[in-house]
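One chain comes next, on its own, written out as C-alpha cells in the form predicted alone.
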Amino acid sequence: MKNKKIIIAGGTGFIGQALAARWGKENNVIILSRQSATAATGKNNGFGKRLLTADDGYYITYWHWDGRFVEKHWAEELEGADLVINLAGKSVNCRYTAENKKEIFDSRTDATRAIGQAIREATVPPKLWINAASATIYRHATDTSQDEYTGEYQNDFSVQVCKRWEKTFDEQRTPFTRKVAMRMAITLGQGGVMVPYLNLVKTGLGGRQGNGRQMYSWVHIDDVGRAIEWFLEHTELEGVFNLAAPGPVTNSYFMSTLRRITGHKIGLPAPVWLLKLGALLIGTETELILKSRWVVPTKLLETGFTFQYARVDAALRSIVRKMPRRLYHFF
C-alpha cells in the first residue's frame, strides 16, 4: 500500500504502532492520541522502544485529542483520507469496578461518535472507516465455534461492552464513507500480550491456565494489516467481520507451543484459585484468561482472503525469531 492518507485514532498502543510501522514509510500516517504530541513521542511501548516518529524515517504525525469531542486541528486531517482506523478505548485489563466499567464503555462510544461526527462534517469524507471491535462479543464457547452468522451472545460485562460499541458505530450515518467493524481476536506480535506470556515462560510459570481446555482465538499482527489492506482494496466489503486466524487452539496447546518454541521444558500450571489471587494483586480480571473464545473468520474467508499465519505454531515462531533472546530467557 502506497501514497495513502491514513488516520489511526488511539494509535499509540501496540496494534496502532505496528500498523504505523507497516505503512509509515510509504504513506502519510496521522495518529490521534489523548496525550500531547510531545508526551506521545516519548512514550515506551513495553519492549523498550519509543513511539515511531519522523526522526525514524516515517511519515507520521501525532495530534492530541480528548477522545470525546470533534476538534478542528485533527478533524481537518480526515479531509480526503483514504482510511480511518479507530482503535481508541480504555484497556479492559483492569478490575471491573463501577468507575472502570464506565470508562471502558464511555471511552469506546465517545470516540466512535466523535469520529462519526467529524466524518459527516468533512467536505471530502474518508473512503473507509474501520472501527475496532472485539471477538469477545461471543459467548463462552467450549462446544462449537462462533462466527458472524451463527454466533451466540450472552450478557456478561465484556459482551455488553462489545454490543454497545458496535451499536454506536452502526448508528453513525456516513453515506459517503464505507464502514467495517473488525471483531479482533487476541493479537500476537512483538509487544502487547506477548510481554506477559514471555515473562511467564521465562520464569517457569508458562503452563496451562485453569483447566487449559478453554479455546484461544488469536490473529498475527501482520494479518491484521493485510486484512485492513484487503478491506480498503475491495470496495464492496462492509459490515461486521471476525478477524481471527482460522486455527484457534486450546489454552493448553498455546502455552505448550510457546514453551517449545522458546526452549522451555518446564511450565507450571496455574489453577483457578491462583489466577484469582494473581488477578486481584495485579489489578485485572480472570475472565481475560479463562473465557473460552472460539471464534472463526467465516465471512472474511468467503471474500477470498487468505491468512499468512493460519496456525499458531508458525505465528509464534515468526514472532519469537525477531525478538532478542533475553526477553524470554534468563541468560
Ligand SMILES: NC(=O)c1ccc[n+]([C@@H]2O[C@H](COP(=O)([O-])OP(=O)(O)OC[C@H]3O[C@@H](n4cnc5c(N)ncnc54)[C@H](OP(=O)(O)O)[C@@H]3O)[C@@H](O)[C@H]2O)c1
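In this text, residue numbers run from 1 along the sequence as written. In this text the structure is predicted, and so the values were computed from the model without any measurement.
Below, we refer to the form predicted in complex with the named molecule, which is not included among the displayed structures.
Of 249, 87, 261, 201, the one that lies within 4.5 Å of the named molecule in the predicted bound form (heavy atoms): Of the listed residues, the single hit is 87.
If the cut-off is 4.5 angstroms on heavy atoms, which of these, 154, 91, 142, 211, is the one near the named molecule in the predicted bound form? If I apply the 4.5 Å criterion carefully, the residue I get is 91.
Please pick out the stretch from 69-77, 182-190, 169-177, 225-233 that is in contact with the named molecule in the predicted bound form, where contact means heavy atoms within 4.5 Å. Checking each option against the 4.5 Å cut-off leaves 182-190.
In the predicted bound form, is there a heavy atom of the named molecule that lies within 4.5 Å of any heavy atom of residue 24, even though the partner is absent here? Because no heavy atom of residue 24 falls inside 4.5 Å of the named molecule in the predicted bound form, the answer is no.
is_contact(residue 241, the named molecule) in the predicted bound form, heavy atom dist at most 4.5 Å: Although the named molecule is absent here, residue 241 would stay clear of it in the predicted bound form, with no heavy atoms inside 4.5 Å.
Is there a heavy atom of residue 103 no more than 4.5 Å from a heavy atom of the named molecule in the predicted bound form? Residue 103 belongs to the contact set for the named molecule.
Evaluate residue 34 for contact with the named molecule in the predicted bound form, applying a 4.5 angstroms cut-off between non-hydrogen atoms, and reply yes or no. Contact check for residue 34: yes, within 4.5 Å of the named molecule in the predicted bound form.
Where, within 1-33, is there a heavy atom within 4.5 Å of the named molecule in the predicted bound form? Residue list please. The stretch 1-33, when checked against the named molecule in the predicted bound form, contributes 10, 12, 13, 14, 15, 16, 33 at the 4.5 Å heavy-atom cut-off.
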